[in-house]
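Same protein, same chain, two forms; see structure 1 and structure 2 below, as structure tokens.
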Structure 1
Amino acid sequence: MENTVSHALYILQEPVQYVCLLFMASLYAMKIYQLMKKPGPPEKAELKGDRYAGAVHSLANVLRPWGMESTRNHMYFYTEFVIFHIAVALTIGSTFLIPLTPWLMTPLVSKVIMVFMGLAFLIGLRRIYRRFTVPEIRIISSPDDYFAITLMTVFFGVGFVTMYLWIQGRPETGWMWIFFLMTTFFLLYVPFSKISHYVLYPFGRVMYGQIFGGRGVLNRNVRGN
């Protein structure tokens, strides 16, 4: 697909993105440094299981919805979660593919991304509704929670239209500008928002896995005393 853009859009899609990406990466590095400075959980007890295997098991938890009661009993919610996060990955991916390797954004690839964006948009709407209407969720929600999900939902909506126009051979539209302006905003804003939870995710899961893996709770190939 030969989609070419103006110099102005190129500036937004490439140099601006790189600077913002660097900014985000720096903040994440600071966040991780601050966390790693703190004392880690000691484990001097004789182990019954494998801490490493426990960490891997725990990290892979996201792929085993049957592993937790909270996902096992709510498979619909889990499916939404999976689609939403695949859409996040594809959308982020598309912000790189569009300026850097536009030839990879074939109609088929673009349609797949568009479908996920569309589904994620609907899921986002449902999650906003849930946050407003389920009492126990409402009382724990901060403005950041509402803003983050709203922002993501709008981003998916804009992305959906942008992809549709891209497939039509219209790379430089107002929608594409909005899409990349939002991407820029995300890169600057996310380190300060709850959306940055994915940076903490591996730490939380690995520590959980190490503790309970070592104790033979997660991996049942336990060694006897």
Structure 2
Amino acid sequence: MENTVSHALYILQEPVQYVCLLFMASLYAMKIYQLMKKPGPPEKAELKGDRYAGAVHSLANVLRPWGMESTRNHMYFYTEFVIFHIAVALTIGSTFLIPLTPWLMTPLVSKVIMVFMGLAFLIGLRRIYRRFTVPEIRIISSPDDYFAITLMTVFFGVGFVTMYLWIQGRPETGWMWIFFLMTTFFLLYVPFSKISHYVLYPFGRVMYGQIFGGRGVLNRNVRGN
């Protein structure tokens, strides 16, 4: 499919996105640089395990749902997690593929993305409901948590309709405008929100792994310095 759109939509889909993407990348680069300068967690106790093996073990924790009680006992939570984050990746990818390589957005590819968007929308609704109704989640939720999950859920809903219209051969609609306006907002907002946890996650997991790996908690059978 050709992405034949007006000049105004082209400006939104490409130059505006590039500027906002550069802004987000610059903030992330500064944040990562600051984190890289911080020393690793000190350990005064005698090492009973390998801190580096512990860091690797901790980083890979997301791939081992059986290693956490919450996901081991409730695998549907992990299934939701996987589907939701695949949908995030596909949705982000579509914001590049639509303007740059529209011929790759075949009906089959678009339908796959559309399905994940739809599932993520339903998962988002469930997560919003849980934040309002589960006491232990509500008490640790900040305004940013509510705003972020609501915005993401709406984004998936808008993306679902946008992708449906794209499959119908309608590359420029009001929905496409809303979809890319929301993309623009996300690029500006995410570095300041909890959605940026994906940048902080590796640093947190490495630090956790070094501490408990060195103490032999995560890797009891591995000894090191």
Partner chain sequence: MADPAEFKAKQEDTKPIKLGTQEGRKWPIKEGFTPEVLQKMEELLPSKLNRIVATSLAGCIHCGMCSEACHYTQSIPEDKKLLPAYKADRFRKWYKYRYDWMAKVFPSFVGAQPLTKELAEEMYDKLWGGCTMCRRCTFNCPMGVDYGMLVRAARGIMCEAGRIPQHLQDTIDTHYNAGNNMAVPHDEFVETIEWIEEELQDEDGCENYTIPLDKRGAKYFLTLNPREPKYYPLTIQATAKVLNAAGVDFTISSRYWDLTNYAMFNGIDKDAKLFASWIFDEMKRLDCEYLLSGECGHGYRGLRWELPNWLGGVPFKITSVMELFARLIQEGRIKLDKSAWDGDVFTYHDSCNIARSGGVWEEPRTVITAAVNDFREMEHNRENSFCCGGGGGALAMPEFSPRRIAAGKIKADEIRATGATVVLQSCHNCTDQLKEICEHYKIHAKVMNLAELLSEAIVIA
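Think of the rigid core as the biggest set of C-alphas that the two forms share within 1.5 Å after superposition. It should be emphasised that the depicted structure is a prediction, and the values quoted were computed from it without experimental measurement. Throughout, residue numbering runs from 1 along the sequence of structure 1.
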Between structure 1 and structure 2, which should be identified as the form predicted on its own? 2
C-alpha of L9: shift of 2 angstroms or more between structure 1 and structure 2, rigid core aligned? no
State yes or no: after fitting on the rigid core, is the Cα displacement of M207 between structure 1 and structure 2 at least 2 Å? yes
C-alpha positional change at R51 between structure 1 and structure 2 - rigid core reference, Å: 5.1
